[in-house]
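One chain comes next, on its own, written as structure tokens: the form predicted on its own.
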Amino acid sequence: MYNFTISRLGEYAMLIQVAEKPSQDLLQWLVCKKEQLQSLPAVEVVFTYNEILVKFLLPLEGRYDTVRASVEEILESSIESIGINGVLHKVPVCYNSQVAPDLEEYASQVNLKVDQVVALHTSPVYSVYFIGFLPGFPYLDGLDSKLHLERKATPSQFIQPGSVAIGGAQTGIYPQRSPGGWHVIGSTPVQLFDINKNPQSLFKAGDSIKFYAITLEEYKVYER
């Protein structure tokens, strides 16, 4: 069990903050607590690396203490009987500059050759911590420290769907066309989000991702 604080956010939400650095144990705790909190009536629950936001469909006025007591009871309960049923996704990525507009400049900034960037980026098995920023956008943990680089000073107005990018100590994939400040070092032809599917997002918190490199020709075949 982790130490946590609960803050009221207006009439419809509570923010739970855990003073711990991201870890696999904390991720499991967050996944389990999200599932348990969703058993409360009329709520929506989302979390990040070490915070949980509980949004209520009905106002908390007149019932805040009762609802907070229920939230605290859930947070303090055991998670021993609950596990993460994570899936390992093997994701093809094309690191050709035709679909990776920032790759060469990025490699220069981290003092590596392009093939070294690709080797380091495809080596780890990344953990999906949470989905955010855009529908289906996975925040991943496990990026080699040699690849850490702050976001661009000037964000790009348009990043293409499937763009694989690095921002700070994180890597992720843009599911939709959007603005963005991360360095685009590759692209995957895999569709990450489809509003007509159930589930709509390919990834979920607790899953794992292993990238592997494909050629531009293979990438184009995937796109057909």
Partner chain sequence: MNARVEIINKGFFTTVQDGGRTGYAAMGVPESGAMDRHSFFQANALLNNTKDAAMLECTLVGPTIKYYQDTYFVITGAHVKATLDGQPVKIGVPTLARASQTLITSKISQGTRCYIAFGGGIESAITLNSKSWYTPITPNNHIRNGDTFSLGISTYDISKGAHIKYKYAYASAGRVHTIKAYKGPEYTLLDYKQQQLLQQLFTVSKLWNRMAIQLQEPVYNKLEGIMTSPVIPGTVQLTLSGKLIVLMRDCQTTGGYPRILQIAQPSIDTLAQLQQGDTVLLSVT
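Positions refer to the first chain, counted from 1. Rigid core: the largest C-alpha set superposing within 1.5 Å between the two forms. Computed from a predicted structure; not experimentally measured.
Another form, the form predicted in complex with the partner chain, is not on view; read the next lines as being about it.
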Just one of Q36, T188, Q170, Q28 has a heavy atom within 4.5 Å of the partner chain in the model of the complex. Which one? Q170
Within 4.5 Å, heavy atoms only, which of T154, N85, S78, N111 is in contact with the partner chain in the model of the complex? T154
In the model of the complex, segment of 67-75, 133-141, 119-127, 95-103 with a heavy atom within 4.5 Å of the partner chain: 133-141
Distance check, L216 to the partner chain in the model of the complex, heavy atom within 4.5 Å: no
Give a yes or no for D115: in the model of the complex, does one of its heavy atoms lie within 4.5 Å of a heavy atom belonging to the partner chain? no
is_contact(S208, the partner chain) in the model of the complex, heavy atom dist at most 4.5 Å: no
Hey, in the model of the complex, does V46 get a heavy atom within 4.5 angstroms of the partner chain? yes
Scan 1-37 and write down, in order along the chain, each residue with a heavy atom lying within 4.5 Å of the partner chain in the model of the complex. L9, G10, E11, Y12, A13, L15, Q17, E20, P22, K34
Tell me whether A169 is among the residues that move between the shown form and the other one (Cα shift of 2 angstroms or more, core superposed). no
After superposition on the rigid core, does the Cα atom of L58 shift by at least 2 Å between the shown form and the other one? yes
Could you tell me whether the Cα atom of V184 shifts by at least 2 Å between the shown form and the other one after core superposition? no
